[in-house]
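One chain comes next, on its own, written as structure tokens: the form predicted on its own.
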């Protein structure tokens, strides 16, 4: 699971303008990074243009997923990640980023190329592992681990139960054989009694 890009666009006046963005292209070769960033920026802008205000959507392209959230305030957030990244975490991150952006930058301060929003870089780093960043995913992972441990414990208990049943069957068989031996011994001894 990897996040490649977080971008915030202004969607006012039918023109989509890039306000802030951060990219993590460390997984690409040095000479590929520039063209990959151009592709991600172009595709992000295209997805932002096609996302209606108040709508959330995801678009898959090759091994990438573009999560888009367009707010009615004229702001859109785009997150680009691999196709394994959880959708719920992606949309909650976009919502959080856009909320913080609106608080920090009122609409009259949306000047392209002049906005410095370092929180994007922090979120890009923090949310690389959604299990650590999102509490619900973290709890779900812990529940899954606990479930595995419980299944193994129940399985071993069942195996022990089967072994106990075998022991009980054997003890009943031994008990039956010992009773038969006792009766046979009594018969045998009764014919040879010395008085």
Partner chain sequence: MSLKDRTSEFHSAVESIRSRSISQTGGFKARNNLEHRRPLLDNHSNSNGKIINGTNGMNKSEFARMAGAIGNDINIMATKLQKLTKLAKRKTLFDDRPVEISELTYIIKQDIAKLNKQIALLQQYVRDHKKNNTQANEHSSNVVVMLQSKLANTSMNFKDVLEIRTQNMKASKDRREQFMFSNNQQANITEANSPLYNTQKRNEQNNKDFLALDMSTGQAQQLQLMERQDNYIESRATAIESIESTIAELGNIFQQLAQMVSEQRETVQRIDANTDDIQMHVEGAQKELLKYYASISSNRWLLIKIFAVIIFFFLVFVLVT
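Basically, rigid core = biggest C-alpha set you can superpose within 1.5 Å across the two forms. It should be emphasised that the depicted structure is a prediction, and the values quoted were computed from it without experimental measurement. Positions refer to the first chain, counted from 1.
What comes next is about the form predicted in complex with its partner chain, which does not appear here.
Evaluate residue 153 for contact with its partner chain in the model of the complex, applying a 4.5 angstroms cut-off between non-hydrogen atoms, and reply yes or no. Taking the distances in the model of the complex, the answer for residue 153 is yes, it comes within 4.5 Å of its partner chain.
Can you tell me if residue 58 lies within 4.5 angstroms of its partner chain in the model of the complex, counting non-hydrogen atoms only? Taking the distances in the model of the complex, the answer for residue 58 is yes, it comes within 4.5 Å of its partner chain.
So, in the model of the complex, is residue 91 in contact with its partner chain at a 4.5 angstroms heavy atom limit? Yes, residue 91 lies within 4.5 Å of its partner chain in the model of the complex.
Can you tell me whether residue 127 touches its partner chain? I mean in the model of the complex, with a 4.5 angstroms heavy atom cut-off. Taking the distances in the model of the complex, the answer for residue 127 is no, it never comes within 4.5 Å of its partner chain.
What residues, if any, in 6-44 have a non-hydrogen atom within 4.5 angstroms of its partner chain in the model of the complex? Contacting residue: only 43.
Classify residue 12 as shifted (yes) or not shifted (no) between this form and the one not shown, where shifted means its C-alpha moves by 2 Å or more with the rigid core superposed. Where the cores coincide, residue 12 shows only a C-alpha shift between this form and the one not shown that is less than 2 Å.
Post core alignment: residue 126 C-alpha displaced by 2 Å or more between this form and the one not shown: Residue 126 C-alpha, core-superposed: shift of less than 2 Å.
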